[in-house]
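The chain below stands alone and is given as structure tokens, in the form predicted alone.
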């Protein structure tokens, strides 16, 4: 018999709830309506055709009755237990508190491995599946820096930015959690099978879809609300102007989460979504260490995660600001690399090749980092871009 410690439902109730979750034509909201109408999942499952018609339309009703007649709900639920997957109802003690308050909170979760530790901050890192080398590099940089500081990384284990960030988080010794648009026992894409297995050991796999469920197209936009819901902040590495990534941003905004975006060149389609987010008020990702300090400062200012922050007090700092003292301009640089890039510039425009060559004579720096530092300096108003690929000082 299943260990029901901390559960608000009986074994039979969980079997019936799992049956409804497995009906692809019955969504999360409809399952909640069934429960509210009948008072229990077992009553809803056992109800007659006329009673069910008050909640379900005719097409859904016919499908549900046909499925009910051919399924053994206890046998189906046994498969979940045999795979050591937890089925967590929204009222259960171990259901994530962050998710309870979001719009259309999942009625139940299927979890392989662990859930995020509620006493530790979590950050979602998401972005394009077909990412650029720039996006790849920055996803790894941010995931590694945040994981190294003990922050949990949430994403969707998709190809591209998601998988890159989660792999980097684990490689940095951190913990990461994937929210899937398919069953928790299904690894999609197959290319992330190694990551899937690593997540089971040092994090977890989370889904609201039953065992064996395929990743149907409409599953992924729906699961995105869970990615943002489990997170304290959402980092967008790369996104086209119209992309699935921005659906997660919409969910995060609805949930009151902080949004940050990685700036990029205005001519890059993969950066258009991020640049538009910044124009609309999203935070700007300039440097991983700078973001980390400001993120922890924000948590501290609202009194969140006091135990975690006490242990990380050396990392919490007030965001850097620029200010004038009389006629003297005092500039705060976010990193030695940023200062190096600024120092080699003057008021005459330099090409990207000239900048990269000059920078690397002082500090070895890959092109993506040079570009990121230039973008940061432009955002601070210290440098300006001339004719697309030329830069010069403004201050």
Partner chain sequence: MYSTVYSGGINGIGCYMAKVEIDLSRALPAWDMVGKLSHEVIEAKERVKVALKNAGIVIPPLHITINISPANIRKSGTGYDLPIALGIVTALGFIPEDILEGILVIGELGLDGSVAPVKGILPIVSAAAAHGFKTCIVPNENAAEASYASGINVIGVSCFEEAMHTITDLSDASYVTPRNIAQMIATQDFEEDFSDVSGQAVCKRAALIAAAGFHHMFISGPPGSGKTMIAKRLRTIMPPLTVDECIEVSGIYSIAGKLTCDDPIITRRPYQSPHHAATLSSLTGGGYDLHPGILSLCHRGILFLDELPEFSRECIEALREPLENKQIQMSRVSGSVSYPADFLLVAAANPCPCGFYPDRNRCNCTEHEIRRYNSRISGPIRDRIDIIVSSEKMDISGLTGSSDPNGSSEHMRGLVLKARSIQEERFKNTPYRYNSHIRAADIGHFCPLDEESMHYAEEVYRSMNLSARSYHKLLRVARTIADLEESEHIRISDLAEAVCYRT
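We call the rigid core the largest set of C-alpha positions that still match within 1.5 Å between the two forms. Just so we're clear, the structure is a prediction, and the values are computed from it rather than from any experiment. Numbering follows the first chain given and starts at 1.
This protein has a second form, the form predicted together with the partner chain, left out of what is shown; the following refers to that one.
**Q** Could you check which residue among 332, 361, 354, 36 gets a heavy atom within 4.5 Å of the partner chain in the predicted bound form?
**A** The residue from 332, 361, 354, 36 that makes the contact is 354.
**Q** The partner chain isn't shown here, but in the predicted bound form which of 197, 269, 310, 71 has a heavy atom within 4.5 Å of it?
**A** In short, 269.
**Q** Where does the partner chain sit in the predicted bound form: which of 361-369, 40-48, 56-64, 23-31, heavy atoms within 4.5 Å?
**A** Every other range fails; the passing one is 361-369.
**Q** Quick one: in the predicted bound form, does every one of 129, 164 and 389 get a heavy atom within 4.5 Å of the partner chain?
**A** Yes: 129, 164 and 389 each sit within 4.5 Å of the partner chain in the predicted bound form.
**Q** Any chance residue 219 has a heavy atom within 4.5 Å of the partner chain in the predicted bound form?
**A** No - in the predicted bound form, heavy atoms of residue 219 and the partner chain never come within 4.5 Å of each other.
**Q** Is residue 96 close to the partner chain in the predicted bound form, meaning a heavy atom pair under 4.5 Å apart or at it?
**A** Output for residue 96 is no: heavy atoms all beyond 4.5 Å of the partner chain.
**Q** Can you tell me if residue 289 lies within 4.5 angstroms of the partner chain in the predicted bound form, counting non-hydrogen atoms only?
**A** Looking in the predicted bound form, residue contacts with the partner chain do not include residue 289, since no heavy atom lies within 4.5 Å.
**Q** Given that the partner is absent here, does residue 250 sit within 4.5 Å of the partner chain in the predicted bound form, heavy atoms only?
**A** Output for residue 250 is no: heavy atoms all beyond 4.5 Å of the partner chain.
**Q** Once you overlay the rigid core, does the Cα of residue 352 travel 2 Å or further between the shown form and the other one?
**A** Comparing the forms between the shown form and the other one, which are aligned on their rigid core, residue 352 does shift its C-alpha by 2 Å or more.
**Q** Can you tell whether residue 349 sits closer to or farther from residue 269 in the predicted bound form than it does here, judged by CA atoms, where the change is 3 Å or more?
**A** Closer is correct, given that in the predicted bound form the C-alpha spacing of residue 349 to residue 269 is reduced by at least 3 Å.
**Q** A 3 angstroms or greater change in CA distance between residue 349 and residue 271 is reported in the predicted bound form. Closer or farther than in this form?
**A** Result: closer.
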